[in-house]
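The chain that follows stands alone, in the form predicted on its own, written as structure tokens.
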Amino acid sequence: MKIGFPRALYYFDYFPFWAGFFYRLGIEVITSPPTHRQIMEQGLKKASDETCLPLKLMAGHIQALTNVDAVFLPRMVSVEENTYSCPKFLGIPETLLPAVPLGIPVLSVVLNWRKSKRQILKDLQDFGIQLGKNRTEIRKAFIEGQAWQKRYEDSKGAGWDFEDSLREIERATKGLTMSQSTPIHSSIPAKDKDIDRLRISLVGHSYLTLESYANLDILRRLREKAEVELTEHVNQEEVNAHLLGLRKKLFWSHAKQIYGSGNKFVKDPQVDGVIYLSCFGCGTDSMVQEMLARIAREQHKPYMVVTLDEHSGEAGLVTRLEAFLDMVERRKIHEGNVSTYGERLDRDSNTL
């Protein structure tokens, strides 16, 4: 049996779990190809105009799945206790049914960690009936999926390479056994960081910051001129520590990760500037990026928001990046040159 898995949205965070789950069941997982222009165009035709860019890309990736026995569209309600996924995640698969190629069935299951682990396992076992698997097989597959996900999460950090990590997982789902002692990512050769280079943090949803076609290859462009820190490089303990100052808890998983890591970057004196990558129409981003902007102003940290949609142009992005990096570099070099009229004129010091 071959199951199609779109290379969008939850692929960038939770594909290892589902890869391990299906691998244990002896089911081959076929992923759609990396995003290209045709996928983008197909997604725009099949998705509603009111949806965000990542959902439009998801529709295009579903269209790109061919020669599969079914398309897998899980409903990822919650991935940790007391949180929810993005509200638009909850409408999958119904909102994307028009994108499914004719004649291909859809397989779906609810994954909700707000409920007990026993209930999650029960939902997966009910789902296993559609696959012709018994409860014992599903239980073992659930444990295998959790193990793959944990190893993937543990591999995140400095030198972690997303593409290599997922590439190895995809190879494993095609029958290449993964050794428990072997990391699931290809390590990047260690090299001494140039202390004179800028350190820029890129924060945002993983399915946008790691989606090189949709974000106009912003990560590569930044790495040409600076050391880049990502949201994914911050471990959960540090994220939780930088959420403590909130008056009310954030109940969206991605929003918590973005705000916690962004707060850390903004307050880190070693980080020279922060770029928030958002997409037009994202409700959670409209709140989180404003919260981070206020902290950045208080810390006098260079901060820029880049908003993307299907109409974003490469020239405009390159111009903004170059201007931002030039400003940050000038600030870093000349920050000690204090004007004879005072250190600064802003709301926190002198008034006119």
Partner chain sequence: MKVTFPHMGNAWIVIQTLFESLNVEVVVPPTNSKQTLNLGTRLSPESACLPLKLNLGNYVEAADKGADTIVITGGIGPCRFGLYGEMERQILRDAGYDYEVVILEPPDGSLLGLFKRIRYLAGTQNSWTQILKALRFAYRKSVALDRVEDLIHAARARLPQHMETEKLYEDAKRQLALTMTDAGLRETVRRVQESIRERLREVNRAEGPKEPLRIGIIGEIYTILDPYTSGDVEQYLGRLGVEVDRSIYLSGWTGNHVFQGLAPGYRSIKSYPRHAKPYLPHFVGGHGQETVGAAVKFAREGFDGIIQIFPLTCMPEIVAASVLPQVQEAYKVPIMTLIVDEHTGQAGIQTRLEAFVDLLERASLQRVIGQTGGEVLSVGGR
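Numbering follows the first chain given and starts at 1. If you're wondering where the values come from, they're calculated on a predicted model, not measured in any experiment.
Not pictured, yet referred to below: the form predicted in complex with its partner chain.
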Inset, instruction - Work out which of the listed stretches, 205-213, 245-253, 268-276, 136-144, brings a heavy atom within 4.5 angstroms of its partner chain in the model of the complex. - result: 245-253
Legend entry - Within 4.5 Å of its partner chain in the model of the complex, all of 34, 197 and 233 (non-hydrogen atom): no
Inset, instruction - Give a yes or no for residue 84: in the model of the complex, does one of its heavy atoms lie within 4.5 Å of a heavy atom belonging to its partner chain? - result: yes
Inset, instruction - Considering only heavy atoms, tell me if residue 327 and its partner chain come within 4.5 Å of each other in the model of the complex. - result: no
Legend entry - is_contact(residue 104, its partner chain) in the model of the complex, heavy atom dist at most 4.5 Å: no
Inset, instruction - Check whether residue 290 has any heavy atom within 4.5 Å of a heavy atom of its partner chain in the model of the complex, and answer yes or no. - result: yes
Legend entry - Listed residue that, although its partner chain is not shown, lies within 4.5 Å of it in the model of the complex (heavy atoms), from 221, 264, 88, 151: 88
Legend entry - Contact residue in the model of the complex, from 300, 294, 320, 45 (heavy atom within 4.5 Å of its partner chain): 294
Inset, instruction - Go through 309-331 residue by residue and record those having a heavy atom within 4.5 Å of its partner chain in the model of the complex; state none if no residue qualifies. - result: none
